[in-house]
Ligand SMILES: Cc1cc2nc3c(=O)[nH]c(=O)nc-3n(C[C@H](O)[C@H](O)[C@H](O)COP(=O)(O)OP(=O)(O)OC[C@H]3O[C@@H](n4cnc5c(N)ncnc54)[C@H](O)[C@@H]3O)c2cc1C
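Here's a solo chain for you in structure tokens, the form predicted on its own.
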């Protein structure tokens, strides 16, 4: 009997688990969810309705062969929901839970075998015929294939943050912990200006209406804004994409994009960026290691702001906070965070290289997704790296892997029966964390797992 384990209780884990349950197959599926709310993970666990999806409702879904439309689901409890809306992330979390329950119910009716384990996976040991997975409750599962869908890693403090600042309680590593804080700060400094920082600022502005808000990042660039309504595709997208695929590096790609926009001044630049979505992974894979490093150092900030845009309503609130003088956004490098509360934050302004020290009652690190698995304290990933079963991507963008999610071991070989999905594959795919990519990858991975199982059984029969 074949057993497949999916490790990770967030949206990516839910997508793979549900896709496997839908397969008419005899394999037993184990979903090891940890202690988090099933299917929500970090992204959709928020209960703050100011935290909006940055994808329109019509573009959201959990399964490639979905059982129900997200817009239809949300319309049951919220009137006038449209596919063009950017809805609260909480609602999509509700949708994920409903979809998982539906697939579990269907599987039970069909007699499909599965198990959900609401505990952490602590260790994976390879065996001749698979893996032994040791769970926090003392259970040991013998598994033929494992999918790592662990999602975002726990954030690590910036190197410039002192031990005393970390111990003070005035430095918050996890921006989603703000609801746990009862004392209102006079000044709050958010390190970061991406989507996570925007959510942090929106929550803080509501929770502490009298607090002065400061956001600081190297370029001081907030995410660009989605148009209120969908825009027409760029008519020359196919030609542009073909030319981009022929480029050697990010700099010539950027020149091609700028040239296309100059030749079509009436075109909204956002349609062009959106039209690159089907080739983004291929563009990344075509880059050499050196070219990828150059992109990360020089162009990542502008790509992230352009590609991962913010909902119009969120942008309007942020702009209102700036207009009212409640929010300052600074382009500066954080050189040090020290003190025992309040904290002293020393920055070097980008425009004039002037050193300034700001004092804050609370500093929140909101620098976004951490994929540096070589430095993580995640118990399972650390063990897998130490044992050589997986290896960190050389640019610290997750784990080294094949494009189809098969993980590579320390020897550089494919580690048989070990796969990943989501943020752990960023080193190979770059764009792999949004739900449209996740649900497609989950559908494909489920088919691959079943096909690999069938091939392994056929091989075993021949050998016998």
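Residue numbers count along the first chain shown, from 1. Being a predicted model, the structure only gives us computed values, none of them experimental.
What comes next is about the form predicted in complex with the named molecule, which is not displayed.
In the predicted complex, at least one heavy atom of residue 380 sits within 4.5 Å of a heavy atom of the named molecule. Contact annotation for residue 32: at least one heavy atom lies within 4.5 Å of the named molecule in the predicted complex. At a distance threshold of 4.5 angstroms between non-hydrogen atoms, residue 4 is out of contact with the named molecule in the predicted complex. Residue 292 falls outside the set of residues with a heavy atom inside 4.5 Å of the named molecule in the predicted complex.
Contact annotation: of the candidates 429, 397, 60, 418, the single residue with a non-hydrogen atom within 4.5 angstroms of the named molecule in the predicted complex is 60. Interface residue among 64, 27, 43, 408, judged by heavy atoms within 4.5 Å of the named molecule in the predicted complex: 43. Taken together, the three residues 247, 253 and 401 all stay farther than 4.5 Å from the named molecule in the predicted complex, as judged by their closest heavy atom. Here the chain stands alone, but in the predicted complex its contact with the named molecule, taken as any heavy atom within 4.5 Å, falls in 145 to 153 among 160 to 168, 145 to 153, 206 to 214, 238 to 246. Contacts between 1 to 30 and the named molecule, taken as any heavy atom within 4.5 Å in the predicted complex, involve 7, 8, 9, 10, 11, 12, 13.
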